[in-house]
Each structure stands twice: as structure tokens, then as C-alpha cells.
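Next up is one chain by itself, shown in C-alpha cells, the form predicted alone.
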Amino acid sequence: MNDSNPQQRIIRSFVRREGRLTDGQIRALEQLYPLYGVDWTDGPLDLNRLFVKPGPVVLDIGFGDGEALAAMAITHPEYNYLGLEVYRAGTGKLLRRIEADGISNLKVMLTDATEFLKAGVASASLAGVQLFFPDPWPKKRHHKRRMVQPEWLTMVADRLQPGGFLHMATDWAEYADWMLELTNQAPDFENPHRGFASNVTARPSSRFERRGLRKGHQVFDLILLRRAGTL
């Protein structure tokens, strides 16, 4: 069978460009992933069974090196966090942090976030979804690779409980406007801030944010709530 038909290709929001792993990252992936990682093949996961204590689950997409996600999990023990990443280096670093700090409300998964949302997450099972500093794919011909698309927002809304949140952040102004325009057209979400949120304290600073600020970029946060009664 010929799989080269462009119509059959999956458009991904990331490109694998992983460099060399350190010895510590390799050890973490081999020894700690079985303890703090989640394996998934198909079908919806029972998210509550992943954690020591049952609680509302927040899905964090593309956690990078995990610095901000670990800090958030420590600060908010009332939530359970499942972090998704495709890069093993950052995953190894976060695994070491989980072990060192004894973070019991945080698990990680090496997987494509969109595929997992499609098949691995049941409707109305999430308290929140976080997407911080995704690849902006700035060239117009690459906009189709951006994670935030109308169909993606519909899928996220379905996976959120009524009143659940979608928190996105970017330091790329054009992508921020793209996010705002698409979410304004998404009937399942309401924006309590009527635009970008200001004075956001729920999201710890990350390496990606600091890098953007050094370049003179403004950081935009968009926090939306899943409307009740539209499931």
C-alpha cells in the first residue's frame, strides 16, 4: 500500500529535533519512568487511578523541561497533574525533579498530545488543560501545524468538565491573536476576562517565558472556562 498520499498524512504540531541525552536523563528514563510515567496504547485511561489520591486532573501539554509544571504541582496539591511531552530530555529532567521532591500528584507521559486527547481521554474527565508556549509556527504556510485549531478547541471542550479551564500562554503576538480569535468563535467556551488575562499568578515562570522576555516579547495569557450545559 502506498502511504505517500498527502491527504493521509498526519499534520503534527512538533518536529522531532532531540539532541543527545545526558547520562542522568537516560537513567531517569530507564529507572524513574516506570515509577512516575504512564504508558498508554489505546482507549480512555482511568485518570484517577494514576495518582496516590483521587482529585481533579489537569492535563499539561508540552511541559518542556518541567520546571513550571513541577512548581505548579507543589503549589497546588489539590490537583493531580498529567504532563505530556514528546521530548525525552525534558521528560528525564522532570522525572528527576519528581523523585527528588517527592511530588505525588504529578505523572508524565511521552506521547503525542493530540492523539492522546482524541483516544485516551474520556468526555468531561478533566478539570483543566494547560498549553504554555507551544511552537508558534510563524510562517503562514505552517499555520496548519499550530496546535490551536477550531477542531482542537472542540475536542478540548468535550474533554473538560463543565466549568473546567483551558489556560494558554504564548510570547508570540500573532499567535496570541490567532488563539483569541478562534476561542471567541468557540461556542463551548466563555472568556471571563473578555480578552487576555492580566496579573496571572497561577502559572509559574518558565525557561521559555524568560527567553521570550529577554528578546523583548510580551507574554499573553488566555484563560477560558468550559460552558455548562453544552455537553
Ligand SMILES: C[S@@+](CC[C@H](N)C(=O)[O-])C[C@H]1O[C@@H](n2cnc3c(N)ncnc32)[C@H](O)[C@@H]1O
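Heads up: residue numbers just count along the shown sequence, starting at 1. All values reported here derive from a predicted model rather than from experimental measurement.
Not on display, but discussed next: the form predicted in complex with the ligand.
The closest heavy atom approach of Phe208 to the ligand in the predicted complex falls within 4.5 Å. By the criterion of a heavy atom within 4.5 Å, Tyr81 is excluded from the residues contacting the ligand in the predicted complex.
Asp112 belongs to the set of residues with a heavy atom inside 4.5 Å of the ligand in the predicted complex. The ligand is not shown here, but in the predicted complex it comes within 4.5 Å of a heavy atom of Asp135. Contact check for Phe63, Glu85 and Met147: all three have a heavy atom within 4.5 Å of the ligand in the predicted complex. The stretch from 154 to 162, 121 to 129, 70 to 78, 104 to 112 that comes within 4.5 Å of the ligand in the predicted complex, counting heavy atoms only, is 104 to 112. Residues of 149 to 173 placing a heavy atom within 4.5 Å of the ligand in the predicted complex: none.
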